[in-house]
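Form predicted alone, single chain, as structure tokens, below.
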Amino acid sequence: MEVGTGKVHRVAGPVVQATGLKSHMYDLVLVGEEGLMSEIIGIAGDKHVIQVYEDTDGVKPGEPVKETGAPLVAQLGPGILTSIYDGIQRPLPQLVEASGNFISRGLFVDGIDHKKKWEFTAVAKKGDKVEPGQTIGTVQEQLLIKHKIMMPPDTRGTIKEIHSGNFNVEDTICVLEDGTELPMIQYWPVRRARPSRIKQAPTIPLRTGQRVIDGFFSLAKGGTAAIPGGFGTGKTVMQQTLSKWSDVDIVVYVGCGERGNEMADLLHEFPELVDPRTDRPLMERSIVYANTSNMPVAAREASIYTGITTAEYYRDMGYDVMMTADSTSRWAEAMRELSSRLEEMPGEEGYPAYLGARLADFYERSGRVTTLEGTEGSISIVGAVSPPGGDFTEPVTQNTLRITKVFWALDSKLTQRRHFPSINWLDSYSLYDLALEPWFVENVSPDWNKNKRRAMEILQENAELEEIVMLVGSDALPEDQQLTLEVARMIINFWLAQSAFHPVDTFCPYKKQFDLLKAILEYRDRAFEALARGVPTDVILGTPSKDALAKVRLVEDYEPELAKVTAQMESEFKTMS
């Protein structure tokens, strides 16, 4: 395409109108004398509507708009892991080197280092016919992450020559017989999903080690989850815990429009987190996109799309990836601001009518897939939502719930009671339950699903009884209902509550989750049997084994301790009269 230059016609905050351009929708253009990175989002006659990813202060009509002839692309290749980027994939350390602590406008920095040499090991050879997505070589990007150098998704052919050795990402490592030269770097349009062969059914759970999630509201590998919650309900700690403990290979964290001090804390804390599986820094398998609330609003959308494109790239290598977006509400607010400047007809609460469609486009790029090469990879998306005032009926939360299949509702009342994770067990749900049941039966216990349902029924009955207790007190309840309240309290305090900062309790394997819940339900059954024999409620509730059960979750080698407590429980109930 012939690259030309147009002129600025009108400026309204991050939205610019230009004339004299021949660019297509979503092409990248450079606005003004400083060449501000921008994207075309609308074309009406001879006028192009452009959203600018940088501050437009001082830009005036008549300034040049330079075409690039290409859309906004992500740079994909060795060197992405451990990186901390801004919203448009500019590495923050390089921005600091280039312009100090305040980012200069019109500054372009490559997303990955084009000069650094990598040890490339060819796995394909001369004469091989190679298909899209096929691995032709590898690079040891991190100690435990092997970076596969793949054929671009739109390229196939026969290898004429390929070499192992030290190369930078722009050097030619492979030449096809048609003359196509392949470097290690790939450029991929961020708004276009990378192709895969087959999208698999979500039949494998994503292990998080959090009892309330794994036990009640499981997320499937390749699934989507929403974490809505008001200020201070623990969204960020929850996402850090998931990043640390989930059984994924790569973590992509997108801080989309969050407060600067929160983002600064994260940038200091995240590199210090230790991966419990390897005792290596978690940052070695992580990528962070930091886009704070004081940055231009248009860049929020770019950070979301660039993040998911990066996740797809590692998925295509056969890795399991988790992408966390904190928070999609800030992206929606950016859409609302841009929509109003474009004078579009507003939808509910001023959000654009296409809010749901944009959110769906993003979440639909998740999934467990068979890649073009035939391996299996997945992207699980966890999107935080920040509803104003904790109101879950607002449009962003409601549109997100229509798309995602897991809803972890963070409750400010639980936060005030210092119950963490503050996921409300009555409001939350998972639509993956039925699909995951066979896996839990086969890999954990045939009673997993039965015990989960029993515990949930107890908690639901407890919620109804608590309303009566608030009016008349617990002493006015029948004895069997008093026992139900106590068993529910045990489930809530001994099983659902979990400390992210305790060295043992921060992670709970499936078997331990099952054994702890089974012990609580055994206590419940023995208690009701004793009550039927005429044992007074205060005697049943005074058993020492009940309180001993609370400490088992804090013991690493818990099985001997649990066996001791259950034997004590059995002995106590046998001697009751």
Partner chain sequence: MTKEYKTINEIKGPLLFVEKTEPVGYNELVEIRTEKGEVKRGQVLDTSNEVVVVQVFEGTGGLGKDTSVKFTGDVIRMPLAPDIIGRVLSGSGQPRDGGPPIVPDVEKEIAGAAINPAAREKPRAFIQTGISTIDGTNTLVRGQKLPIFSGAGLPHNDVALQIARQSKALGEAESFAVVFCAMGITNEEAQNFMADFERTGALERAVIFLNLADDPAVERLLTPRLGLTTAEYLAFDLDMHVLVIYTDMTNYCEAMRQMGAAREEVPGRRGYPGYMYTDLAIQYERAGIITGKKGSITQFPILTMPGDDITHPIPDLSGYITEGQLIISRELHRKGIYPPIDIRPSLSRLMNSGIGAGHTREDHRAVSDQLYAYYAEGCDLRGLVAIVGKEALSERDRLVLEFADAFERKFVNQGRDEDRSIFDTLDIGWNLLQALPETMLTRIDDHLIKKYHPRYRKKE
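Positions refer to the first chain, counted from 1. Take the two forms, superpose them, and find the largest set of C-alpha atoms that agree within 1.5 Å; that set is the rigid core. Quantities reported herein were computed from a predicted structural model and do not represent experimental measurements.
Although not depicted, the form predicted in complex with its partner chain is the subject of the following passage.
Contact annotation for Glu457: none of its heavy atoms lies within 4.5 Å of its partner chain in the model of the complex. When contacts are judged by a 4.5 Å heavy atom cut-off, Pro276 does not count as touching its partner chain in the model of the complex. With a 4.5 Å cutoff on heavy atoms, Glu522 does not count as touching its partner chain in the model of the complex; it lies far away. Although the partner is absent here, Thr393 is not a contact residue: none of its heavy atoms lies within 4.5 angstroms of its partner chain in the model of the complex. Screening 178-186, 260-268, 108-116, 278-286 for residues having heavy atoms within 4.5 Å of its partner chain in the model of the complex returns a single hit, 260-268.
Proximity to its partner chain in the model of the complex, defined as a heavy atom within 4.5 Å, singles out one entry of Ile41, Ala70, Val535, Ala550, which is Ala550.
Interface residue among Ile145, Ala290, Val369, Val444, judged by heavy atoms within 4.5 Å of its partner chain in the model of the complex: Ala290. The partner is not shown here, but in the model of the complex the stretch 288-305 reaches within 4.5 angstroms of its partner chain through a heavy atom at Ala290, Thr292, Ser293, Asn294, Met295, Val297, Arg300. With the core superposed, Pro183 shows a C-alpha displacement below 2 Å between this form and the one not shown. After superposition on the rigid core, the Cα of Lys564 moves by 2 Å or more between this form and the one not shown. Relative to the superposed core, Leu541 undergoes a C-alpha shift of no less than 2 Å between this form and the one not shown.
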